[in-house]
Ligand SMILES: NC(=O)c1ccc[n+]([C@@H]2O[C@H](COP(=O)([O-])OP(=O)(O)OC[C@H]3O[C@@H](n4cnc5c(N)ncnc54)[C@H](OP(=O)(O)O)[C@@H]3O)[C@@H](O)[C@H]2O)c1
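The form predicted on its own is given below as one chain in structure tokens.
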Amino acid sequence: MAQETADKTPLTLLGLGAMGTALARAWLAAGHPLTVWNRTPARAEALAAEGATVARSAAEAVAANSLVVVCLLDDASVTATLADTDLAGRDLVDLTTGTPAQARARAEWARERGARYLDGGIMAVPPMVGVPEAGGYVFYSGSKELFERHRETLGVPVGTTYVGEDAGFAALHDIALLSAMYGMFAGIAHAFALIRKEDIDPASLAPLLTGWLTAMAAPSVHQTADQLRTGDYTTNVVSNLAMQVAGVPNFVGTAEQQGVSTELLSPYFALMRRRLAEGSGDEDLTGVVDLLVR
């Protein structure tokens, strides 16, 4: 191993998919004694060669260490995997992607079984794990004391960001950021579709897109947050809602002329028009947030 293990926290990892394997290798490289288990045993063979102890069952793996990290397919997989394990006295960290409600229910489920609980939302893909400069991190929520106890160990594969005692907050932050990402991807897909039939090299549009999105995103995100906090959606408005709605026909018309569906943009344009109809023409686009909250 790369480092001595004597002063390193031992831990158990359940689940050796792409992400679980990347996490395992990072902990092993840092010198942490690691016990692993996977439903398909063959996936553990390479890690055994790198120094991991392979448990024959999930129950055996949980019994091996106080700190137990779970990184499985979904919440149902967590229930099935931990069904026959003794969690009393264990520190359970669940990095399985799920919803806030599932995380809160899992925290109560763990408490009833005598375990302390942290939920995690991974903001990274496997190649980012163990590469500090890649910028990956995990949102954690639940017991603050438990997070502080294991902060150093949990921070080995990727960075850590604690977001609150509410066990559901890690999943909520995770999904919020990913939702914004998919909205951005939708806009990028529409932009490339507009030029798809033209004699325009997509590679020539790419740097223009990245530059424009970078210039627009940060100021917009912070201004929206400030306006939501104060309740004043007219502060520092550059292009008000009325002006932006007036420009919508240009976007729709261009798409039609290029033979491109507007289905990625139309729902947002519809919300903009609804907000304008309510008499909010002097506002920024922030009011759309209130239309989405039911």
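The first residue of the sequence shown is number 1, and the count goes up from there. Keep in mind it's a predicted model, so treat the numbers as computed, not measured.
In what follows, reference is made to the form predicted in complex with the ligand, a form of this protein that is not presented.
Though the ligand is absent from this view, in the predicted complex it lies within 4.5 Å of a heavy atom of just one residue from 143, 153, 161, 97, which is 97. Interface residue among 213, 73, 131, 191, judged by heavy atoms within 4.5 Å of the ligand in the predicted complex: 73. Contact annotation: the ligand lies within 4.5 Å of heavy atoms from the stretch 75-83 in the predicted complex, the single such stretch among 110-118, 153-161, 214-222, 75-83. In the predicted complex, the ligand sits beyond 4.5 Å of every heavy atom of residue 270. In the predicted complex, at least one heavy atom of residue 18 sits within 4.5 Å of a heavy atom of the ligand.
Contact between residue 239 and the ligand in the predicted complex is not found at the 4.5 Å heavy atom cutoff. When contacts are judged by a 4.5 Å heavy atom cut-off, residue 258 does not count as touching the ligand in the predicted complex. Taking the ligand as positioned in the predicted complex, the residues of 122-141 that bring a heavy atom within 4.5 Å of it are, in sequence order, 122, 124, 125, 126.
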